[in-house]
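As a starting point, one isolated chain is supplied in structure tokens, in the form predicted on its own.
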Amino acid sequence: MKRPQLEHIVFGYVFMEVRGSNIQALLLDMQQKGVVLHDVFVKGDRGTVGVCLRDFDAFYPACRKHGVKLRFTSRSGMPFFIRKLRRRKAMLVGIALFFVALYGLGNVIWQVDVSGVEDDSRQLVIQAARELGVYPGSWKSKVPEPDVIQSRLLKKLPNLMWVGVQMDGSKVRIEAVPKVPDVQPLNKTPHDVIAGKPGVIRRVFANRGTVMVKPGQVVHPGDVVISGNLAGGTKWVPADGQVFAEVWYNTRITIPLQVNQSALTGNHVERDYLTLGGLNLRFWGWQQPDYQATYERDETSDWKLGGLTLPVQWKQVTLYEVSPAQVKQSEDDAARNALALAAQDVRGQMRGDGEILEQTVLHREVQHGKLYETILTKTDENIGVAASS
């Protein structure tokens, strides 16, 4: 019969090898006394037997009575574990300190994440949260409730429309929604629509006012394209509409035909750390590589206890050797890249929506390992702007 495993853990359990000619008599004696043995195996004058530690006081005298010798092969259970801890007081103290530190660190905020806003506004939110006591290293017991933090942040940062605060273990998540910029009111002062760029008129859509140009006409900056003058000058209105014209751009592009880049050689070393808050304790990987340059990649565990993210995590850092490498591209590839860069530059200069109609290389030259090109780009875009009063 095998005792429940829980009883072995609580009271202790020993497994022994027995030798002697009276092993059968020993087993019969134990059965008569009500001592339960388990995992019994006997062959001739040798065998193995297991007994709960609290029954050993009855088992050992019976062995001496029947002349059976025994040898312990394994011990398990709480009594033996406690005995080992008593012999190793430093380990016992270390375990106690670990759980004390774990409890203490679990009540400290280690990370504050802000999302939903741009980098500049994010720094303002982080600074405002710090003033409220929410920052890495602060005690959770001293941090206000999430709804209190939300209302105070909204008062401190009037440019935010909504703030949400969530506390997840040792991490605080702040989600902010900025206010939509005020829509500029329509200019109701009578004015003309003029050309903002030089170009050749392609089409005009006037919502209000008199069209002053026609397709194919060349206009210059400041020329009136839609007039606010109605009824022969007796009535002036704020002109409005779209004026699409063909606009030309000259772009000077320089493309190197040979680029120095970094490439991985395949050599690497790994290091393992136990992270405790902001402290990294290295456990493995003491080799100091003789690399001219390195690329570092970190992988950190996400240990949790229930819904609580533990402040103790395991991090593996891999250092890869990086060597310089020269990457060459053909003149044709460089020319294609030049056209793409010119198009990107022109799109940045367009006002509103526009379309690139054509690109033409006016000049090309290869000199000192670089490709020099002058590119003419033709676009179709709205050049009409409201004239200032």
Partner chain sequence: MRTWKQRVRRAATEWLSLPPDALLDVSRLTCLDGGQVIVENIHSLLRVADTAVEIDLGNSILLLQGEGFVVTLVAEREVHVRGVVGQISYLPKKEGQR
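Positions refer to the first chain, counted from 1. The structure displayed is predicted, hence computed values, not measured ones.
There is another form of the same protein, the form predicted together with the partner chain; it is not shown, and what comes next is about it.
Trainee: Taking heavy atoms and a 4.5 Å cut-off, does residue 348 contact the partner chain in the model of the complex?
Mentor: No.
Trainee: Considering non-hydrogen atoms and a 4.5 Å limit, does the partner chain approach residue 31 in the model of the complex?
Mentor: Residue 31: yes, in contact with the partner chain in the model of the complex.
Trainee: In the model of the complex, does residue 40 have a heavy atom within 4.5 Å of the partner chain?
Mentor: Heavy-atom contact with the partner chain at 4.5 Å: present for residue 40.
Trainee: Report yes if any heavy atom of residue 24 sits within 4.5 Å of a heavy atom of the partner chain in the model of the complex; otherwise report no.
Mentor: So residue 24 counts as contacting the partner chain.
Trainee: In the model of the complex, which of the listed residues (361, 327, 340, 36) lies with a heavy atom within 4.5 Å of the partner chain?
Mentor: Going through each option in turn, the one that passes is 36.
Trainee: The chain here is shown without the partner chain. Which stretch in 317-325, 57-65, 42-50, 330-338 comes within 4.5 angstroms of it in the model of the complex, by heavy atom distance?
Mentor: Stretch with heavy atoms near the partner: 42-50.
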